[in-house]
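Below you'll find only one chain, the form predicted on its own, shown as structure tokens.
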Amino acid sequence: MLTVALPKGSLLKDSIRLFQSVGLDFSALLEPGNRLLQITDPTQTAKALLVRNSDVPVYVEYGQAQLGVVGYDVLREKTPQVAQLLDLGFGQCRLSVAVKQTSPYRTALELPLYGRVASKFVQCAREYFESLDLPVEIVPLYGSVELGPITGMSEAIVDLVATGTTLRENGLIETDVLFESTARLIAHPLSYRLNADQLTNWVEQLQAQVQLQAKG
């Protein structure tokens, strides 16, 4: 039976809609009060695991799921051993550097040497500032990263931005964009090569739907 790792949060509805378009119904995960973390499609041909976005590639890499939907930002940060198959086109956001509106800095290059940058994307932030040849201290934060500059703990943050509303409401502005991110379809490499559980067929159907939606 095909197993799909689906992400909790903002990507879930669009992920479920995509799989519905190829005949796999995991919509029970959206029902109010749902506490199930694993469900089987009514056709009994596939099951879905409901996991944190950052855990999707882990379940796929270790073979507990053959397919998964995850943000490109997670793949860049974690660099898991998975096959990246499709850009699904939804979940658009960007990983950006941001500072206080009252800050004198307007680009990342203006930040002070060995200044502090708060982020949960530690690897991505480190690689970016290394590419600028600007030594900074990356402060790992996994909650409200915006509080870093607000409290004075850091000069800047590196965080995901969708609309920018959260930044504006907290008196922050973007200065640099590291990369754009969307949801991606990933697969367990060996399962994909061996076409386990008719994986290639499902991927082709999903690809056709993604292309169809892009045209529409």
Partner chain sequence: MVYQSPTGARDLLPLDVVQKRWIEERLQQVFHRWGYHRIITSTLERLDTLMAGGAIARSTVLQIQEADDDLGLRPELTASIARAAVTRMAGATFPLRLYYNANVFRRSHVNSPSGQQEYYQAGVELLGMGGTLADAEVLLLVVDCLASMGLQGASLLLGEAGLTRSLLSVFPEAIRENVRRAIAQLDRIALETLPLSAEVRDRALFLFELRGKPADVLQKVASLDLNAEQQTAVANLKSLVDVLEQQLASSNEPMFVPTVTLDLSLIQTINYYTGLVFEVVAPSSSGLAVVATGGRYDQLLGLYHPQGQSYPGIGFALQIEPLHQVLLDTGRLPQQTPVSDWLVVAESEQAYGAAIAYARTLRSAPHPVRVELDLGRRSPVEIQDYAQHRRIARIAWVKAAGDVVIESVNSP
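Residue numbers count along the first chain shown, from 1. Here the structure is a predicted model, which means the values were calculated and not measured.
The discussion below concerns the form predicted in complex with its partner chain, not included here.
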Next on the checklist: Taking its partner chain as it sits in the model of the complex, is residue 13 in contact with it (heavy atom to heavy atom, 4.5 Å or less)?
Outcome noted: no
Checklist entry - Does its partner chain come within 4.5 Å of any heavy atom of residue 62 in the model of the complex? => result yes
Next on the checklist: Given that its partner chain is not shown alongside this chain, does residue 137 nevertheless sit within 4.5 Å of it in the model of the complex, heavy atom to heavy atom?
Outcome noted: no
Item to check | Non-hydrogen atom contact residue 85 with its partner chain in the model of the complex at 4.5 angstroms | outcome: yes
Next on the checklist: Please tell me which of 190, 147, 177, 37 lies within 4.5 Å of its partner chain in the model of the complex, judged by heavy atoms.
Outcome noted: 190
Next on the checklist: When its partner chain is placed as it is in the model of the complex, are 109, 120 and 131 each within 4.5 Å of it, taking any non-hydrogen atom of the residue?
Outcome noted: no
Item to check | Stretch in contact, per heavy atom within 4.5 angstroms of its partner chain in the model of the complex, of 180-188, 25-33, 152-160, 46-54 | outcome: 180-188
